[in-house]
Every structure is written in structure tokens, then in C-alpha cells.
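As C-alpha cells, one chain now follows by itself in the form predicted alone.
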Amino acid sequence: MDGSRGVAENLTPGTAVRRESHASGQPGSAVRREWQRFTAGERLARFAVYFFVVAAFVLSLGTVEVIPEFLWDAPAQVQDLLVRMWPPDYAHYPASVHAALVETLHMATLGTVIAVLLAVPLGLLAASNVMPSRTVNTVAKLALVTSRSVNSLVWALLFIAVFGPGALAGTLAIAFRSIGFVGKLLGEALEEAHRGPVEALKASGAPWPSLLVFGYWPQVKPAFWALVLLRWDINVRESAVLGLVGAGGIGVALNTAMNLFQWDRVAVVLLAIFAVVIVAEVVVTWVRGRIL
């Protein structure tokens, strides 16, 4: 047909043959072209990525300084440790493990509540559609980033230096670590809220608190409760190890048993941590199914 550019035919996995027709109507000669998945630039970029990944792995492996003798002896050491842990000393649980386990749950729960109370205002200030001030948004986001950038163990060490060792330092460490998590996700959920209900409330003359309660809250409610439950679940796990630095909880019992080489009691503590983590996961899943 006059003016047509041709049709691809006789395709093979690696080649394609195309017949071109010139404007004069005379059929042109077949042009054989090799099909390639990536261009030269894309192949070069993929090679660069693979090269840097392998180079980073090799450099990291050299920095770790793996001692071959310890590596080959690790299976025997693990077997010996398991032998020392068995059978667990279950009689040790009522004496010291149970109270520390309950304290761990209290630390995680209270720390989560404090974090939510402090994170909600910061999340509102960080959302640009709720607080249309770039300066306020920047300051709020900086506070959230500061909370997330410091590990919970570091927060625990700081609060131990201020308040001394104990559950108070661990609770505050969990709270200040969780503020950035809850506030950041809450702010993002607010920014993703639909403007329709909010604009309708504004048009009817609703005040700012009404915009939050009736415009934003119904839209962010599922995400808010989901992230609060998720953070509590994470805090249960984190509070179990804060005792290793003296911040209270079951980590204190674990650290004491390890320092005294009482491996049968270490097994009891580890089993208690494992059980409470599983129970927390089941509770969070059940509550999410009922609320959301």
C-alpha cells in the first residue's frame, strides 16, 4: 500500500525482518535488525550497579574481619550452648522472670501511649495541608527525624544517665524512639487525605477543630490505629532488650543470667520473650480485625 512504512515479519527470538515500501510504491529490500532488550547505556548502568554491589560486599566482608578458626568452630560452640541450656530451669520463672516480663509489657504499653500523645501534635504540624506553614512543617519534621535517628538503646543510655537505671529510663527511651515513627506516618496519612470533605466543611464555615474531627479523622482513622498497634508490637520486642543496658524489663534478668553463666535460666528467659512476642502478634492481629 502506498506510503506505508512496512510490516515486521519472519520474527525470530533474536532478529526481526522488516519490509519497507518507498513513496514510489516500489518494494524495498529486506532489512535485518537484531533485537536487544537493553540499550548500550542501560547495559552499562546495570553493569555499574552490579559492580558496585559486589565491590561493597567484598569491602564489607573485609571490614568484618571474619576469623576462620572461630567460624569453623561455631557449630560445636552452638551445640555446646544448647546442651547447657537444656533442660530449662522452669523453677526460676516465678522467682524473677515473671515480674520482669510484666514490667516489659508495662514499659512497652506506657511508652507507646506517651509516644502517641506527643506524636499526634507533631504529625499535625508536619502535614502541609493541615498546617500551611513551611517553617512549622520543617521544624516538626526535624523533630520527627531526630526521634527516629537515635536508636532505642542510645535513648536508654541517655535517660539512664539522667534518671538512673530502671524501668523509667526504658519507658522514656521507647516513647522518644516511637515519636518519630508515629508522627511521620500520621503526617503522611493526613497529607494523602482527600480534599473533598475538608473543602465542603470549609465552605459551610466549620472551624479548624471541626475540620480535623469530621474532615481528616474519618480518613486517617484506619491508618492511625494500624500504626499504633504496629508500634506497640515493635515496642514489646525492643523493651525486651533494653534491660541489657540497665533500662529495666526482662532484659535485666537475661543479662544477669548470662553474666552468671546460668544457661538453663537463660533458656527460660528466651522462651518467655518468644512466648510474649507470639502472644503480642496474636493480640495485634485480633484487635486489628475488630477495629479496622
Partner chain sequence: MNEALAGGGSSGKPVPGSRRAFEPDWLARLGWLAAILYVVYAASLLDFTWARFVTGLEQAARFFDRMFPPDFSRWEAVLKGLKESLEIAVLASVGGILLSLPIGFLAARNLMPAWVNWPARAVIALCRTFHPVIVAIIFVKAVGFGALAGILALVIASVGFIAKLFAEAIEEISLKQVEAVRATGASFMNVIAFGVLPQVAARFIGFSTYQFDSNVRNSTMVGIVGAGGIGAPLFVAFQRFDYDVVCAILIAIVAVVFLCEILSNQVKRVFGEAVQDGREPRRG
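Positions refer to the first chain, counted from 1. The shown structure was predicted, so the numbers you read here are calculated from the model rather than taken from an experiment.
From this point on, the text means the form predicted together with the partner chain, which you will not see here.
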Is it true that 60, 78 and 274 each have at least one non-hydrogen atom within 4.5 Å of the partner chain in the predicted complex? yes
Which of 188 to 196, 157 to 165, 132 to 140, 89 to 97 lies within 4.5 Å of the partner chain in the predicted complex, heavy atoms considered? The stretch 157 to 165
Give a yes/no on whether residue 45 approaches the partner chain to within 4.5 Å in the predicted complex, heavy atoms considered. yes
Consider residue 257 of the chain shown here, and say whether it contacts the partner chain in the predicted complex, taking contact as heavy atoms within 4.5 Å. no
With heavy atoms only and a cut-off of 4.5 Å, decide whether residue 40 touches the partner chain in the predicted complex. no
Taking any heavy atom pair closer than or equal to 4.5 Å as contact, tell me whether residue 200 reaches the partner chain in the predicted complex. no
